[in-house]
Ligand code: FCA
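The chain that follows stands alone, in the form predicted alone, written as structure tokens.
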Amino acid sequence: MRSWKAAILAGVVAFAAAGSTFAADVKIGFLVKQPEEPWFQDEWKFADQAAKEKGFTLVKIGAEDGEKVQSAIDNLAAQGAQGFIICTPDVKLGPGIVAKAAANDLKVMTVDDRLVGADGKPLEDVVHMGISATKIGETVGQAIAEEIKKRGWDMKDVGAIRVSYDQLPTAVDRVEGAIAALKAAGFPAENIYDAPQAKTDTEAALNAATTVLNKNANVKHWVAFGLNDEAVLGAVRATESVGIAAENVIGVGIGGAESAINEFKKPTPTGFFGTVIISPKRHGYETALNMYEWIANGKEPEKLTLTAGALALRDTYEAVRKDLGIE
């Protein structure tokens, strides 16, 4: 009897040890299109948390163009990875990414930006965690409209800077959601000015917005919205550069990046009024955890998960971040 019990105990210990060893052997890639941006830094940070908790190896790679994406996937396969999560630099790379993953026997999930096929339609068979872009944009538009009314501005005297990056479907959905909410609140469509940016960073947004401001110097008040916090911060910096007072500007960003939080921390309020915070914790931690479970235990994630955001202002951002699990 004792030997039988000892054998069972030894088997349990061996099984546990084997599970532990397997967890340590799991290797997951996390590819992002702009590794220098705070949002992606946060995604990586939370993915690292999942890796530490489960004991797998996380390989973080910046892949800023299609060639680097292809090279990164091959590199992951050579390292013995079993899968990867990617925010692609171009959603039209979808078929190539899927084919390359299949050729290397790697599981693939996308985060933030959803891959599309040659017909421009989403690749629905690829697991994706994204953001309900239209609803988040509507939240931005509603916040701006409410603040316009609170300040007692006449909407016909207000110009809206649509900082645009139409190459990215998510960007289009966000700004169109904001425009729909503004129009529903009575904002005149002819007062919305397009400011196309070359890249999705603050400098490109500043350049685009400055052009709009210089062409419409007679506009009394300005509001701004775009793909992310960087787009709106660029527009706000542009208003400052042409001498528009902060009290005549309402900018609402998206993302809750560190740059936005730093704006709230300034002793004197700027034209950056608010941000719709999206939780990078879910997009980093949860995707990494889901990929691990898929590799280790065969639990394939839901094909589509859409996350929402919460409006944060100068006096509420700390509480909002806490509620979203960011702090």
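Residue numbers run from 1 along the displayed sequence. Computed from a predicted structure; not experimentally measured.
As for the form predicted together with ligand FCA, it is not shown, yet the points below apply to it.
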Ala77 within 4.5 Å of ligand FCA in the predicted bound form, heavy atoms: no
Notebook entry, point to check: Though only this chain appears here, would Phe30 touch ligand FCA in the predicted bound form if you measure heavy atom gaps against 4.5 Å?
Noted result: no
Any chance Asp90 has a heavy atom within 4.5 Å of ligand FCA in the predicted bound form? no
Original post:
Any of the heavy atoms of Met291 lying within 4.5 Å of ligand FCA in the predicted bound form?
Top reply: no
Partner-free chain; cross-checking ligand FCA in the predicted bound form, the single residue of Leu227, Val252, Ala195, Ile86 with a heavy atom within 4.5 Å is Leu227
In the predicted bound form, the residue from Leu58, Ile278, Ala63, Ala260 with a non-hydrogen atom within 4.5 Å of ligand FCA is Ile278
* Asked: Looking in the predicted bound form, is ligand FCA within 4.5 angstroms of a heavy atom from every one of Arg162, Glu240 and Phe272?
  -> no
Partner contact check in the predicted bound form: of 206-214, 107-115, 183-191, 143-151, the stretch with a heavy atom within 4.5 Å of ligand FCA is 107-115
Those residues of 27-50 with a non-hydrogen atom no more than 4.5 Å from ligand FCA in the predicted bound form are Lys33, Glu37, Trp39, Phe40
